[in-house]
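Only one chain is shown below, in structure tokens, and it's the form predicted alone.
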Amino acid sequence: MQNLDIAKFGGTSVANYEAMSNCVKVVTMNPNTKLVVVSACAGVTNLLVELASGACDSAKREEIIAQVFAIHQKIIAQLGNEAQHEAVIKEYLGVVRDLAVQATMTRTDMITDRLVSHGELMSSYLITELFKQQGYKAQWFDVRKVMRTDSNFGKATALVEVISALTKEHLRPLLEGDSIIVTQGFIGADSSGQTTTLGRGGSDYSAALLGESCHAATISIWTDVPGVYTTDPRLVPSAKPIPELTYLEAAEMATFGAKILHPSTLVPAVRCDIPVYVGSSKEPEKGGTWVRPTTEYAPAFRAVALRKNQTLIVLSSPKMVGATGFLAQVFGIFAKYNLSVDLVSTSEVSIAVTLDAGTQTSGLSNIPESLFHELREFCHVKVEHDLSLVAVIGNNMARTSHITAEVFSSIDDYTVRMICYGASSHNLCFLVEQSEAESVLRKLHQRLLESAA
């Protein structure tokens, strides 16, 4: 289909009947929107993750399942055909209950993925029925038929070439018809058909992967705010929407904590040069942000972002001086435990790295003690939690004078840790105490972005 637009709706956009109705309006206003990708209803994934933890006794398990049912039942009550729709949701929740019981005996990432996938399965079923209720042709599609991944449960890697081939066979023919196709974000399946997830926030990435394999003209990410802001408006009320961003700027913002876009979203879009639009499903008339390869306006400071729950690990050893292979040994151990190192800073006798606490479905709740044991065999290890990463994002920063002076003079009352600058011309980032992070963010925004406006 020419000029195909793929619309992805986040959890708040499908939170209830009214929110889903807004989605229907947004989709049907654009005749090019033929594929709809949805997240679970707001709050549902967290409840399902709690069930998957294996820590719930039978009473708590039934309480959570009742909460999940209540969220969906409120939508069903306004759909009509209540008995039919309740039967479908209860069937899904029966599987959820069985998996939750399994999790109490043996919790695995594979069980977690199977369990939490039901959030998207239920929300996509209900919004498909809502399209039909409002007189539109709509068809539910199980994305696991085409979204092929490896078996790294909790944060699976998409197999792009396989996805393209399967999409051509199973999905693209449906898009040539006159129905709106509704499918799920976040979830996929490995080669043996086991359900996987792309990690928390992976619905954006799902939409972009489908956009790539369906040769979409645009990808629209619909959320609860009208576009990408100069920082999180919930933390800084004076934040302003940004009309246009480059891929690089948006990727930096997503990577360093801006929650409007998932960090991986732009990778498929960049590969195929697909513009990405970010807007509000509640207020589509307010416009949004276009993300494109280039923009006319490229300011030194574009945005500030915050990412909480960072772990700092400092490794020290006199053996580093003049030695070769030390870094390779350190990173080999992190790779062995499938932990992705984020920031890196080195001196003559030490190396500091950060780990981000949350892209896997289950989060980074516990770093294996055996990892520290292996590291302590050849260096001293110090671990610090409760830190936040602050990133200043802009253009040509490493080649612009006075950048660091402007940044740090505005927050000279705060202690700054582990400054990373120069590896990218689009960011300057550092760590601060988590208790001070929001105050630091507000100070930076006021100095760098409000006074310059």
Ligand code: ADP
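Residue numbers here begin at 1 and follow the sequence given. None of the values given here were measured: they were computed from a predicted structure.
The same protein has a further form, the form predicted in complex with the named molecule, not shown here; the description that follows concerns it.
Enquirer: Is there a heavy atom of Thr223 no more than 4.5 Å from a heavy atom of the named molecule in the model of the complex?
Expert: Because a heavy atom of Thr223 falls inside 4.5 Å of the named molecule in the model of the complex, the answer is yes.
Enquirer: Is Gln310 part of the interface with the named molecule in the model of the complex - any heavy atom within 4.5 Å?
Expert: So Gln310 does not count as contacting the named molecule.
Enquirer: Even though the named molecule is not shown here, does Thr12 get within 4.5 Å of it in the model of the complex, heavy atoms only?
Expert: Flag for Thr12 set to yes.
Enquirer: Are any of the heavy atoms in Ala208 no more than 4.5 Å from a heavy atom of the named molecule in the model of the complex?
Expert: Close contact is absent here: in the model of the complex, Ala208 is far from the named molecule, nothing within 4.5 Å, heavy atoms only.
Enquirer: Choose from 99-107, 152-160, 232-240, 124-132 the stretch whose residues reach within 4.5 Å of the named molecule in the model of the complex, heavy atoms counted.
Expert: Answer to the contact question: 232-240.
Enquirer: Just one of Leu115, Val353, Ile260, Ile274 has a heavy atom within 4.5 Å of the named molecule in the model of the complex. Which one?
Expert: Contact with the named molecule in the model of the complex is made by Ile260 alone.
Enquirer: So the named molecule isn't shown here. In the model of the complex, which residue out of Met253, Val182, Val146, Leu266 has a non-hydrogen atom within 4.5 Å of it?
Expert: Going through each option in turn, the one that passes is Met253.
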